[in-house]
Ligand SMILES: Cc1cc2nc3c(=O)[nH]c(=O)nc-3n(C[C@H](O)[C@H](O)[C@H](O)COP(=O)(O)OP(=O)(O)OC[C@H]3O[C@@H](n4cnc5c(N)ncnc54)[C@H](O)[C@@H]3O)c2cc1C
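One chain is shown next in structure tokens, namely the form predicted on its own.
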């Protein structure tokens, strides 16, 4: 006897991939539930001060858009609320990004999910799942008022940590397969600097060199790191607190969080002493939590490879474009970039967002199928909008088509929503 579903699609995680999945499914006519453990949406942009969308544009002398659809909807909404939302070229990497403000982004995402009538459950986690053979049947949601059992036709894991896949008992690997994880970064947001003060990178590099002679926490990014003045506030956004992590144990994350905050305060003191114009600088924010690049990788039906990326491989079964270069943080503070070949982007194929052994589970964001090198490209938030939207549309299509999958149908729906394939 078949139980009537509470939802067509349940999405786990409210970051860029989860937003893409929930809105993509809702635009396809699905009844959608979006589950998020924090009290706000946005993922790393709002939980970890990662105040830049990477991957919306290709590399090059001019910005060439690679992600549209829901990603473009989000940019349009933040523009309505006062942010520029345009392409900004990082002087450090030469990559094109979109700068963010966390409070505007939170409000913009609230507006979008409500506009699409998505049932959002904040302060809620997926605590357990029920499965029958090769299908997920239901999820147990744990919130402030207790637990609730919800039945759905299809599910999307956009958690970033493969939480849904792990609860379903699917195979996964940690980090690069040998247990090694990419380094963490705790972005610093610094206020108390005159809006017209030009940040002198040469002076900053000299200050870092002097600090590294006797400082408690030597700075690995001796070039000064990524340092950008933020829109609206003119605060300084600084990426220079980098930490290695050995495993996914809570004790390891606790040590990293505390060490990161100690480093941030010590680096702030260094700036006050060594950089003219920073005498009254103060720390606006570091979190709420450290920026996590990598945790679990569930097994998908296709694993993107380094060769797919560097060759710019285009495919007939592509459901999203990925345009961010391979960015690896194997050693704290020493990122390595490898550009994309071909047309400047590569296709994410349909099977890369499908769970290997469950017919109605899709992946969005950094949990899609990818080897350690390809992962360095697909994990960023701009690309996560695209893979998340594809996952949400696929889940809605599956529900509509009486539990059948059809890549062509998904591609047609994505194109109708304005997504770039």
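Being a predicted model, the structure only gives us computed values, none of them experimental. Positions refer to the first chain, counted from 1.
Missing here is the form predicted in complex with this ligand; even so, the following discussion is about that form.
Asker: Please run the contact check for residue 13 against this ligand in the model of the complex: heavy atoms, 4.5 angstroms, yes or no?
Answerer: Contact check for residue 13: yes, within 4.5 Å of this ligand in the model of the complex.
Asker: Closest heavy atom of residue 320 to this ligand in the model of the complex, within 4.5 Å or not?
Answerer: Taking the distances in the model of the complex, the answer for residue 320 is no, it never comes within 4.5 Å of this ligand.
Asker: Although the partner isn't part of this model, could you tell me whether residue 390 comes within 4.5 Å of this ligand in the model of the complex, counting any heavy atom of the residue?
Answerer: Output for residue 390 is no: heavy atoms all beyond 4.5 Å of this ligand.
Asker: Is residue 382 close enough to this ligand in the model of the complex to count, meaning some heavy atom within 4.5 Å?
Answerer: Close contact exists here: in the model of the complex, residue 382 approaches this ligand to within 4.5 Å, heavy atoms only.
Asker: Would you point out which of 66-74, 390-398, 30-38, 352-360 contains residues with a non-hydrogen atom within 4.5 Å of this ligand in the model of the complex?
Answerer: Looking at the other structure, the answer is 30-38.
Asker: Establish, in the model of the complex, whether 17, 237 and 291 all lie within 4.5 Å of this ligand, using non-hydrogen atoms for the distance.
Answerer: Yes, all three are in contact.
Asker: Scan 364-380 and write down, in order along the chain, each residue with a heavy atom lying within 4.5 Å of this ligand in the model of the complex.
Answerer: Those in contact are 364, 365, 366, 379, 380.
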